[in-house]
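Okay, so here's just one chain, in structure tokens, the form predicted alone.
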């Protein structure tokens, strides 16, 4: 074989080998892209989980199961199965989440059950509307919430307080009024019904009620807080402080926590007996 023939043979062999490599790579490209896409989606969910904890958990709960009287559950079968029909949304669930998170909500769609934080009911989170998050961060947040769709179970939402029973009255905002005798056991049950335990016991969204390390429980802490130089409320006794924290929660916010998180409708939805029971229970947490 001449030198030229050998060179032609090597060139043809190289072309065939290159073509085979390209063909093999091309046949594997779909699988490679699927793996890459899954990895990117996984990172988006992971980053969305961190954003949810930072930005959303204090209103929608650590596990997304909502906080009664404040904000609805998102990790909920009904949210994925019925929400789009309730609000007449024609797009995808993910796009609905992105739109709602981006622009917020001026008023609650279920004000009797979930009044939200006030006005607006839900703030805007997109930096296009003055919020703290970029578009890609909101997409990651939506990816995390969508990740609950396959495993979400039905969340039972407590009914709003009914009409007060005979002999009771709506509490109002007068913290000096004389309350009826309280029942600590009934108060403990009411804290679960109202969802108080989600913020004050199950998570650190609100000040801890139970004693933790060197910190006393709320039953003892109430007596200390009314003498704190930074106290801005009007209570003169631990009982009044506890009533005030329920019916007028933003008059004094414990340092380290945010205002506007505690539901602001208890003054007009709880009875004097409800509050007496809650105070009786909280005073047992020394």
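Throughout, rigid core stands for the largest set of C-alpha atoms superposing within 1.5 Å between the two forms. Positions refer to the first chain, counted from 1. Quick caveat: nothing in here was measured; it's all calculated off a predicted structure.
Keep in mind that the form predicted in complex with a small molecule is not shown, yet the notes after this line are about it.
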Thinking of 175, 223 and 283 as the candidate spot, does the small molecule come within 4.5 Å of a heavy atom on all of them in the predicted bound form? no
Partner contact for residue 233 in the predicted bound form: the small molecule, 4.5 angstroms, heavy atom: no
4.5 Å heavy atom contact, residue 258 and the small molecule in the predicted bound form: yes
Can you check whether residue 141 is within 4.5 Å of the small molecule in the predicted bound form, heavy atom basis? yes
Should residue 44 be classed as touching the small molecule in the predicted bound form when contacts are defined as heavy atoms within 4.5 Å? no
My question is whether residue 48 is one of the residues whose C-alpha shifts by 2 Å or more between the shown form and the other one, given a fit on the rigid core. yes
For residue 100, state whether the C-alpha moves by 2 Å or more between the shown form and the other one after rigid core superposition. no
Large Cα move at residue 76 between the shown form and the other one, threshold 2 Å, rigid core: yes
